[in-house]
Each structure stands twice: as structure tokens, then as C-alpha cells.
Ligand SMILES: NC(=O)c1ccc[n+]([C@@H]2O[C@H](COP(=O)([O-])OP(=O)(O)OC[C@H]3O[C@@H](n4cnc5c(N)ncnc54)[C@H](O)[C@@H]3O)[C@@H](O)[C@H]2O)c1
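In C-alpha cells, the next block holds one chain alone, the form predicted alone.
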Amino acid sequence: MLPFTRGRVILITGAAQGLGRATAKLLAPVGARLVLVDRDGAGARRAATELAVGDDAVGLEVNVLDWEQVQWMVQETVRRFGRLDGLVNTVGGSSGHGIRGARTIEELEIDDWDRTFELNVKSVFLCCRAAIPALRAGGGGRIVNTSSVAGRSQSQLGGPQYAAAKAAVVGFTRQLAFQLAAENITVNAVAPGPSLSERVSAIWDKRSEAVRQEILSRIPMRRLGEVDELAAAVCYFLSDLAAYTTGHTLDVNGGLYMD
């Protein structure tokens, strides 16, 4: 595990499963104090309990599209642990899973476009907006957002709404990093390729074997990623080694997209 100062308080959204949960599992053994939030409150609490670190991990039920709940989320973090040192935004996704995920722009409903931007962009904006005063009060901190190879190139499993939303996360990350750099708050993003999270697995399983093999043939490593591999990239940005890195998007995609 990368060098990590024990006792840091890290708030992770979308932590009941997938990348958020995997990140928590890597951080708990190195002494992080963790607030795991999810719309699935029971799942967040279960994930916190499974870390087996007692009061150093708590699960909260939060809808990160509700500004009042997001404000409460940060306030509750500070109330419980006295500070906030890092925010990891993993909430995201695309409206319409499975075969409908890769709809063309003519097929895409306007409500689906709006919903995808809410999940992937508005959630990040609201959480950052609420967390920054607490990070500033502690003398600085780290923010890690989740983009996608779709926002860096194109989407094989999603559609135009998803690619556009994830590209927006990259732009938002750069601008926020620029504005906060002098305050010792770094802002970076991880851009995964297709990986075997619960959400992507649900889409992957609905594809035919021929389609799966065609997708894998485009990935130089010829496989999908594992969530632990993505979580390791998140933990780098939270670690002591990344203090001088900000505004960067790290591609973790098996060579599918290279910049």
C-alpha cells in the first residue's frame, strides 16, 4: 500500500458497492477513518461493518443529488471525526442499462440525458461544493472524482449521454484543481475502462459472447479491469506521494485509451 498518514478522514460516495467499496477496503488497513455514503443506506452500513475497524468506519444513507442531504453528510462527518481530509466521488452511471445502454442520439430520450448528467456531474458538483469548506478548515485535502474512458475517447457500453457526462467530469476536475491549488487542496480524477463492478457486470452479462469478444479485442490487455485495480489508482491520489499532483486524470483501462 502507498504511504498514507494514519487517521485521515475520507468520505466516499457510492460506497455500498463497486469502486467506492473497493477503495474503502484498501484504506481501512492503513488507518483511514471512513465515512461511506450511499443511497442504499443498509448497503453503506454493511460495507462499513465489513471493514472490521469499529468506530473508525460509518455508513450513512445519503442521496447525493439532494443538496440538503449532501450538506448534512459533510456536517455529520465533521461531527463524528472532527475534520475532513478527503472526498472520493464514485456515484455515477448511465440511464438505461444492458442493450439500451449504447443508444444512438436519435434513440436517446431527453430525460435520460438529464438523468445521466445528474448522476455523474451534478453529484460531483454538490459533494465538492459541500466538502471544500471542511477541507479548507483542516488546512487542505484531497478530492478524487470518477470519470471514464468514455469521457476520454468513446463509450463501448454506454451512449452519448454517458460519454458527454464523463468528459464534463474531466473538465470540472481541471478547473476545480486550478482554483484550489493555492489552498493545498488537490483535485484529480480516475478514468476507468470497462471493469467488473456490479453495474458493468450486469451490462456485460447481457452481451452475446461474440460482442464480448469483439470488445475485448479492442483492449490491448484482452480483459476487463478489476475494481481493486481502479481503487489502487484512487488511493494513489489520496496517498502522501501525490501531494504535488493536481488537475490530472489517470487512465486505468488496460491500454484501451492512451494519452
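Here the structure is a predicted model, which means the values were calculated and not measured. One-based numbering along the sequence shown.
What follows is about the form predicted in complex with this ligand, which we do not show.
Enquirer: Using a 4.5 Å cut on heavy atoms, which of A242, A16, V9, C235 is close to this ligand in the model of the complex?
Expert: Contact check passes for A16.
Enquirer: Just one of 132 to 140, 105 to 113, 162 to 170, 76 to 84 has heavy atoms within 4.5 Å of this ligand in the model of the complex; which?
Expert: Flagged stretch: 162 to 170.
Enquirer: Closest heavy atom of R39 to this ligand in the model of the complex, within 4.5 Å or not?
Expert: Output for R39 is yes: heavy atoms within 4.5 Å of this ligand.
Enquirer: Examine V30 and determine whether its closest non-hydrogen atom to this ligand in the model of the complex is within 4.5 angstroms.
Expert: Result no; V30 lies far from this ligand in the model of the complex.
Enquirer: Even though the partner isn't displayed, in the model of the complex is G158 close enough to this ligand, meaning a heavy atom within 4.5 Å?
Expert: Contact with this ligand, no.
Enquirer: Consider N63 of the chain shown here, and say whether it contacts this ligand in the model of the complex, taking contact as heavy atoms within 4.5 Å.
Expert: Result yes; N63 sits at the interface with this ligand in the model of the complex.
Enquirer: So which bits of 168 to 189 sit within 4.5 Å of this ligand in the model of the complex, heavy atoms only?
Expert: Contacting residues: none.
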